[in-house]
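Below you'll find only one chain, the form predicted alone, shown as C-alpha cells.
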C-alpha cells in the first residue's frame, strides 16, 4: 500500500452565510487544527455574516432552493414552504437545537476556539468594500482583511478548500 503524504496546511474559503455552510467551514477548520494541520479560514461574500458581530450568532438555515432539505419521514421539503413566514426561523431553531445536543458552540465561541488553537481568521477586502463594512463590524480577533492575492500568499503550500 502506498504511503500518503500528510496534509500540512489548509485554507478554507467560506463564501455562504447559511448556518449549515458556516458550520461546515468552522468544523473543517477546527478539525484540521485538532489534527495538527495549519489552518486558515477566509470569509468572503455572504460568508462574512459568520464574522459580523451583529449576525454571527443569528445565522439561518437556507430553506428555499435547498434540494437536500427533508421533512420528517424523509419526504422532500417543498421549496414553497420555505418562503412562508416563520418557516426559516423555525427550521433554523430546530437545527440549532440539534447542534446544541452535540455540544456545538455558537459561531462566536467556535471562532474563539479556532483562534486560540492557532487558526487564522481572515476577511475578504473586496467583499468588505462591497458590503460597506468596517473592521469594527467584524470579529475582534480577525487576523486581517486580505486581497485575494494576499489570501493566496497565506494559502501558499497548502490545500485550498471551498465550502
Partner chain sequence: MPQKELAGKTIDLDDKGYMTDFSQWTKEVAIELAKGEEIDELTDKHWEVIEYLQKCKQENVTLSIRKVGKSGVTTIKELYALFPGGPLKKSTMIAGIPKPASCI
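Values in this document were obtained by computation on a predicted structure and should not be read as measured data. Numbering follows the first chain given and starts at 1.
Form predicted in complex with the partner chain: not shown, discussed below.
Undergrad: At 4.5 Å by heavy atoms, is each residue in 27, 36 and 104 next to the partner chain in the predicted complex?
TA: Checking in the predicted complex: 27, 36 and 104 are all within 4.5 Å of the partner chain.
Undergrad: Quick one: does residue 108 come within 4.5 Å of the partner chain in the predicted complex, counting heavy atoms only?
TA: Judged by the heavy-atom cut-off of 4.5 Å, residue 108 is well away from the partner chain in the predicted complex.
Undergrad: Though only this chain appears here, would residue 126 touch the partner chain in the predicted complex if you measure heavy atom gaps against 4.5 Å?
TA: No.
Undergrad: Determine whether any heavy atom of residue 94 comes within 4.5 Å of a heavy atom of the partner chain in the predicted complex, and answer yes or no.
TA: So residue 94 does not count as contacting the partner chain.
Undergrad: Please check if residue 113 has a heavy atom lying within 4.5 Å of any heavy atom of the partner chain in the predicted complex.
TA: Yes, residue 113 is a contact residue.
Undergrad: Given that the partner is absent here, state which listed stretch (128-136, 52-60, 39-47, 95-103) has heavy atoms within 4.5 Å of the partner chain in the predicted complex.
TA: Stretch 95-103 is the one.
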